[in-house]
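Starting off, we have a lone chain in the form predicted on its own, written out as C-alpha cells.
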Amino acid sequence: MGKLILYGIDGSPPVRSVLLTLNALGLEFEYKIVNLMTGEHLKPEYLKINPLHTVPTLGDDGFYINDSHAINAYLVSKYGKDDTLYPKDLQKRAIVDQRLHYDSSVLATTGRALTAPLREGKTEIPKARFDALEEVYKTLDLFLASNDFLAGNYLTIADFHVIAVLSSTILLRDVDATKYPKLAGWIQRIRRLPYYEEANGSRMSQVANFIKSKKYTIV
C-alpha cells in the first residue's frame, strides 16, 4: 500500500467524513492540516495537487484526488476488505449514491446557509433557514423509516457524510427526538462507533467554539 496523506482541517465536515472512512477501514495515514484562515490552500504547492483549492485532498502514493464523496468511494473501492461501505451491487450502490447527492445538494447547502450570516459577521439568521433544516431532518427521518442506516441495514459512507454535517447543524438546532425518533436514534448509533470520537466527535471544538462565540437572533 502506498502512503496515504489527507490534507484538511478539522472544522470541515467533508474532511471529517474522510477521517471516518479512513478509521473505519483501519488505514494508516498522515494528516496534514491546511489552514484556510491563513491561505495555505492558495499556496502554489497546494494548488499543484488541488487547483480548486478546497479541502479535503487525498494523496495516495503520488495520486491526488479531491471532493470527499469521490475520496471515500475511492478508499473503499481500493482498500475495503469488503464492499459493505460502498456496495458493488448496482441497486444498493444507487441508494448510497442518492444519499450522497442529497448530502451535497441539500444537506450541505442547508448547513452552509445557516452559518453564512455568522461567518459574514451578521447577528441575524432568517427563520426560513431553520425551517429548511427542519425539512432536512424530516427527510433523513424518512430515509431511516425501515432501516438502521441511511442507505439500508448496513453502515455506508453515506452515513459518514451526513453525520459530519449534522454534527455542526445540531449545534444550532438539535434533533427533536419526539419529532424525528429514527434520526435521533441513528445519531446515537453512529456516535457509538468505536472510531467516532477520534474521527469526528473530538474534532468539533473548532466549530463549537465558533458558534458559541456568536450571538444571533432568528428573524
Partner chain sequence: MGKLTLYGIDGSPPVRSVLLTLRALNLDFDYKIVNLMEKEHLKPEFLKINPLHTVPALDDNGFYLSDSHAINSYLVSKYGRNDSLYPKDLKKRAIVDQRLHYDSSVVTSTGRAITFPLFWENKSEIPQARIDALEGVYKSLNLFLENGNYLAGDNLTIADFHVIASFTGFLVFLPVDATKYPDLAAWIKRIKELPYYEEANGSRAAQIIEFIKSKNFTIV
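All figures in this text were calculated on a predicted structure; none of them were measured in a lab. Residue numbers count along the first chain shown, from 1.
This protein has a second form, the form predicted in complex with the partner chain, left out of what is shown; the following refers to that one.
In the model of the complex, does Leu52 have a heavy atom within 4.5 Å of the partner chain?
Looking in the model of the complex, residue contacts with the partner chain include Leu52, since a heavy atom lies within 4.5 Å.
Can any non-hydrogen atom of Leu42 be found within 4.5 angstroms of the partner chain in the model of the complex?
Contact with the partner chain, no.
Quick one: is Leu107 in contact with the partner chain in the model of the complex, heavy atoms, 4.5 Å cut-off?
Looking in the model of the complex, residue contacts with the partner chain do not include Leu107, since no heavy atom lies within 4.5 Å.
At the 4.5 Å heavy atom threshold, is Ile95 in contact with the partner chain in the model of the complex?
Looking in the model of the complex, residue contacts with the partner chain include Ile95, since a heavy atom lies within 4.5 Å.
Just one stretch in 27-35, 44-52, 178-186, 147-155 has heavy atoms within 4.5 Å of the partner chain in the model of the complex, so which one is it?
The contacting stretch is 44-52.
Using heavy atoms only and a 4.5 Å cut-off, determine which of His101, Lys122, Lys81, Lys127 is in contact with the partner chain in the model of the complex.
Spelling it out, the residue with a heavy atom inside the cut-off is His101.
Any residue of 137-156 with a heavy atom within 4.5 Å of the partner chain in the model of the complex counts; write them all down in order.
The stretch touches the partner through Thr139, Leu142, Phe143.
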